[in-house]
Every structure is written in structure tokens, then in C-alpha cells.
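Take a look at this single chain in C-alpha cells; it is the form predicted alone.
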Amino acid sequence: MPRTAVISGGGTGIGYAVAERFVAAGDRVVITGRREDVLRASAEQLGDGAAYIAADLREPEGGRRVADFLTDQYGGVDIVAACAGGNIELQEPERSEEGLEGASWTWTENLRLNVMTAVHLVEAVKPVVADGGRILLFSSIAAYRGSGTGSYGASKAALHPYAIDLSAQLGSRGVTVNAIAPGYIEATEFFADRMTEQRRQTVIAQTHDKRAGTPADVAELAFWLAEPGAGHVTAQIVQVNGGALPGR
């Protein structure tokens, strides 16, 4: 029986790869994000099993919009993949400022991008997540080893206790909650044009398998965690980084 999955940030990169993997398995997917034109094109590319709804999950109303859509169209949801996020310092470098005001803006925006997008989606749809459902949060290797100024890594690390607490809240219903923490993943919009070849070779050299990660690597892990056979795997932070950060 096909399941229904909602995937934030599903128009591009890791989110799109996750959506593609579920569609390939015969599941229904709803992708959501802020850019309706991107979502429309991605849903068309994904095919008949895909729908989309534009919503700004940085705000509570975005979560309500998605929850209402899922309830009206499908009666609820089986899988929630909160892939939306990013590093505001890479997305809008021209707005970064020096001093206290700059730090305040950067931290606030990264928390909105990476924490509140997940919280607004999950808390809005939590009442309509099916028993035995799956919730996936998306962290980063930066949560373990920092991100330069701290705000991006800290915002991703905040998802770890959230996953644990959600798992405790929902475990009696058979709902699992896990966070996936990727390392360097190519073919996404994350770095924009700021990844130099020297930096790329440095992060690849840190892996044990000596290659960059791909969105498909993350999507396969997400799909496995959503399978019935992973029903006893919950409250975990699962890394996918080619061994770039072992033993943490």
C-alpha cells in the first residue's frame, strides 16, 4: 500500500533526491518549499506520484498550510522528511555584517532556516502522522565539528535533542524519529558558487572512501529509516559522510 510522504526542501538537492527515492518505491510525495516555480518543475519531473505546495516554513503559518493540505488531500501523512535548511552566510553573504548586529542577524536567520523550518513542519503535522509513521530531521557534520562562525553548526545540533524528545513523545504510537547528519554532499545548492576546488579536495580527502557524497547517498539512508524493518531504530543521529567523522 503506498505511503504518503511530505518533504520540505523537496524542490532541489537532497530533498529532491529523497522525494525521488520514495516515488520510485511507489509512494506518494508532497514536496514543499518557498519557490513555487521550482516546486512545480520538480513535481512534474517526479511524475504522477508527486504533488507540491508552496509554504514558507520559517513561519508557523507555513506549517499550518502544509498540514491542512495533507489532511484535505490524503487524510494525514506517513513520512515527514524535514530537509529544508541552509547556511544564511552562504545564501546571502552580502547581508552579513560585522559586530553584534551582524552576529545577531546571522544566528537568528540560521535558526529560522534550520530549526524553525523543521519545528513548524513537524509540530503542525504531528497530529496527523499515522501510527507507525516516520519523522526524519536533517542535521549536518557541522553539528559535530563547527561551521566557522558557529551559527550554522549550532542550528543543526539543535535538531539532535529535538529528535530524541519527539521519539519519546511518539514512540508509543510506533512512530520513529531520527536525524540524518550528512557530510560534504555535491550537486546541491548549499555552497552556491563558494566551494573552491581546493576546499573540495580537502573535504574529500577527509573521507575514508575518498569521494564526495551525493544526494542519492542521503536519500537511500532516509528511505531505509522509513522502512518497516527500521521500526526499532529511533532517537538516533545517523551520519552519512564516508567516514569523514568516525566515532562521534
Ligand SMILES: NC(=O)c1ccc[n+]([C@@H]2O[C@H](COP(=O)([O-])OP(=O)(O)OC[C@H]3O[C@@H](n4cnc5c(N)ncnc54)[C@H](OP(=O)(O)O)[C@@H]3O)[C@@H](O)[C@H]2O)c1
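In this text, residue numbers run from 1 along the sequence as written. Predicted model only: the values in this text are computed from it and were never measured.
If you look for the form predicted together with this ligand, you will not find it shown, but the lines that follow are about it.
Segment assignment from 219 to 227, 26 to 34, 204 to 212, 43 to 51: heavy atom within 4.5 Å of this ligand in the model of the complex: Looking at the other structure, the answer is 26 to 34.
Touches this ligand in the model of the complex: residue 55 (any heavy atom, 4.5 Å): Yes, contact at 4.5 Å.
Residue contact check: residue 67 to this ligand in the model of the complex, 4.5 Å heavy atom: So residue 67 does not count as contacting this ligand.
Distance check, residue 153 to this ligand in the model of the complex, heavy atom within 4.5 Å: Contact check for residue 153: no, nothing within 4.5 Å of this ligand in the model of the complex.
Exercise: residue 133 in contact with this ligand in the model of the complex, heavy atom 4.5 Å: Although this ligand is absent here, residue 133 would stay clear of it in the model of the complex, with no heavy atoms inside 4.5 Å.
Neighbours of this ligand in the model of the complex among 110 to 133 [non-hydrogen atom within 4.5 angstroms]: Residues within 4.5 Å: 113, 114, 117.
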